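Here's a solo chain for you in structure tokens, the form predicted alone.
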């Protein structure tokens, strides 16, 4: 992928034809940070789709941009007002950090307040809080975790929330074996003129990381680890209707 310039994130006019509410959007951009201040974590992450000349607010992604790097933006156009950050809101949205360098750039608040920090809808209770034990009878079940593009770490207040739910259920269900399968979206795709693909190895890395996490909490559980490349989109609720997010996953399958 060719190096991106910060000019791509700044020069596009905001007058091109807009997508309709609910439309799926996917593009590569250099992120820009708007220095709004409504308290901690209230600044705005913005990204321009230069192909259509429209600026989007991607602040609601569970994993955040790095203003030194390009981002793969995926999500749907929300009907929310642009008053918080001064750009069309994407929700749900994902903003995966890519290796390509960008020139960092910050915008002043320009009268936009940003958003007051609120806990995301998926957030893990402190470990000191006793989890309510699920009730049986128990049968075969699959839990799914999701990841940032080409990365294997568990996403804070997203993947770790889903992992916590899975471990709580597994502790109560006591399955005979668990199969942990990591998936990678390793087939090349063209996005904003750039060919992108996850490393095949990241499927195994994701599976091994999740297996290690489960073993730390349930050391006696028998776990088999697998991996698959060339992952295809799947209809999975916690992927929030974003096909690319559904491809970047680990499945935890309990067998009895």
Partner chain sequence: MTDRLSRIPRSIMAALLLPAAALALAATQKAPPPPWWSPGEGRTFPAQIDYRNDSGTLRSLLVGGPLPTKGHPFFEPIGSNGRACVTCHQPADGMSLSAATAAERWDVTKGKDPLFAAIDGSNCPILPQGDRASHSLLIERGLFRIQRPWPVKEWQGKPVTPDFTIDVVRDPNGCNSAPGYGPAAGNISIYRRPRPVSNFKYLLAVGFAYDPKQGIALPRDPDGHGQSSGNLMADNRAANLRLQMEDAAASHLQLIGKLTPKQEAAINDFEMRLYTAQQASALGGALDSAGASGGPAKLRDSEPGALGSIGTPVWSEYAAWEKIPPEEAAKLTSEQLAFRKSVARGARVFRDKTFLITDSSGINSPAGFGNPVRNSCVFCHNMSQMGNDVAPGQVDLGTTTLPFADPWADLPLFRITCLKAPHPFYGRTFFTYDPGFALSTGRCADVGKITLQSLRGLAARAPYFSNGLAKNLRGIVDYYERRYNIGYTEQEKQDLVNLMSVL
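Predicted, not measured: the structure shown is a model, and the values here were computed from it. Positions refer to the first chain, counted from 1.
Missing here is the form predicted in complex with its partner chain; even so, the following discussion is about that form.
Against its partner chain in the model of the complex, the set 37, 42 and 67 is in full contact: each member has a heavy atom within 4.5 Å.
Of the candidate stretches 82-90, 178-186, 132-140, 147-155, only 147-155 has residues with heavy atoms within 4.5 Å of its partner chain in the model of the complex. When its partner chain is considered in the model of the complex, residue 163 lines it closely, a heavy atom lying within 4.5 Å. The closest non-hydrogen atom of residue 223 lies beyond 4.5 Å of its partner chain in the model of the complex. Within this chain, residue 124 lines the site of its partner chain in the model of the complex, having a heavy atom no more than 4.5 Å away. Within this chain, residue 27 is remote from the site of its partner chain in the model of the complex, having no heavy atom within 4.5 Å. Residues of 87-107 that come within 4.5 Å of its partner chain in the model of the complex, judged by any heavy atom, are 104, 106 in sequence order.
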